[in-house]
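Consider the single chain below, provided in structure tokens and representing the form predicted alone.
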Amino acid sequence: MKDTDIKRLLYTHLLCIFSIILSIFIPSFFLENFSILETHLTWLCICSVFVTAVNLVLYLVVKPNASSKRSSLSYKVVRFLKCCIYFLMSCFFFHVIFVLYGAPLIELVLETFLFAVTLSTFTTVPCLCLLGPNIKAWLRVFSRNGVTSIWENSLQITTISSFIGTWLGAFPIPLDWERPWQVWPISCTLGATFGYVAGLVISPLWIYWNRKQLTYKNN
């Protein structure tokens, strides 16, 4: 494992973190009274767009899984459409999961769905960029000892940390503190965001610390 690969991974993750920072500060110059809490739904949309755009650009520039074979235009179009379908399926899947875990079924539907979109942005979009619409590859990466590169290792960590952050963010909701950030789904989205950022920071450091022990099998 080369240190240059780890540095490239670190710089990529720093840009992803920077995209979230931009989603917080840039809209305030154009939107009146913009804030994460007061205009939470607007921020969810902006954050999802920023993170998705940065992931796509980084994938096109870095190309961690670049194929040696040239793909036809029709193949790329079909692949893109499949990715869009997978992303939508992920959004609806997370929405159903949130409802099953206690989110309002009829009320706050838009809030729940936008939260599902945001969580899909943190988890599904990186998977689609790195692995494509390949369920077998997804199952391989998220199985034990299934990763074949540091990029897949970081994908494991950031995805799991996003889910953990979402889960931890749900704990303050039933408490009677009467804080504005306890309203559904603000605390969960903040937890997911912090979890995603934590995963982006931790994964390169963990990979660097364990670089001598990590071995990857190429498929």
Partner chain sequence: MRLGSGTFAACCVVIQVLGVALFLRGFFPAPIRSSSRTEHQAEPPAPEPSAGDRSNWTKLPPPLFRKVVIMLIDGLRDDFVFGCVWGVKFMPYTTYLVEKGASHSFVAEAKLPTVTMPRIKAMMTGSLPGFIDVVRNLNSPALVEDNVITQAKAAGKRIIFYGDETWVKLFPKHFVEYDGTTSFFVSDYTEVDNNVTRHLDKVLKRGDWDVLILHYLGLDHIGHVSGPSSPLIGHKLREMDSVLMKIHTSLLSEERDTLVPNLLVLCGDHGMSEAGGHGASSMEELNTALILISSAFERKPGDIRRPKHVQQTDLAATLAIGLGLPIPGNSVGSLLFPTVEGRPVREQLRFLHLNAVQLSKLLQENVPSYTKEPGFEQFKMSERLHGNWIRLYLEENNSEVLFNLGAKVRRQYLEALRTLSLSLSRQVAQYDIYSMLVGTVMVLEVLVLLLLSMPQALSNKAELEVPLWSPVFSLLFYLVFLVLSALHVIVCTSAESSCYFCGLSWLTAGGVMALISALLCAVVSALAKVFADGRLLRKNPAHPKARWSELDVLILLGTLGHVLSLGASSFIEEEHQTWYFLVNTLCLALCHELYKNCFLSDDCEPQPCSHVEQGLVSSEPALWDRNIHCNVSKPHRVSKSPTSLDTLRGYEKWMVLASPWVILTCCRLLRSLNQTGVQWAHRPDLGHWLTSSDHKAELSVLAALSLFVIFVLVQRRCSLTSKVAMALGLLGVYCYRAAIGNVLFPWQRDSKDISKERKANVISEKVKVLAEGCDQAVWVSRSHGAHLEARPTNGRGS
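Numbering follows the first chain given and starts at 1. Computed from a predicted structure; not experimentally measured.
Below, we refer to the form predicted together with the partner chain, which is not included among the displayed structures.
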Checklist entry - Would Leu175 count as touching the partner chain in the model of the complex under a 4.5 Å heavy atom rule? => result yes
Checklist entry - With the cut-off set at 4.5 Å between non-hydrogen atoms, does Ser143 touch the partner chain in the model of the complex? => result yes
Checklist entry - Is Phe80 close to the partner chain in the model of the complex, meaning a heavy atom pair under 4.5 Å apart or at it? => result no
Checklist entry - Does any heavy atom of Trp181 come within 4.5 Å of a heavy atom of the partner chain in the model of the complex? => result no
Item to check | Selected contact from Leu105, Ile85, Leu110, Leu73, since only one has a non-hydrogen atom within 4.5 angstroms of the partner chain in the model of the complex | outcome: Leu105
Next on the checklist: Just to be sure I understand the contacts: of Val49, Ala170, Ile36, Leu31, which is the one whose heavy atoms reach within 4.5 angstroms of the partner chain in the model of the complex?
Outcome noted: Ala170
Checklist entry - Non-hydrogen atoms within 4.5 angstroms of the partner chain in the model of the complex: do Phe194, Val197 and Val201 all have one? => result no
Next on the checklist: Residue by residue through 26-43, which ones have a non-hydrogen atom no more than 4.5 angstroms from the partner chain in the model of the complex?
Outcome noted: none
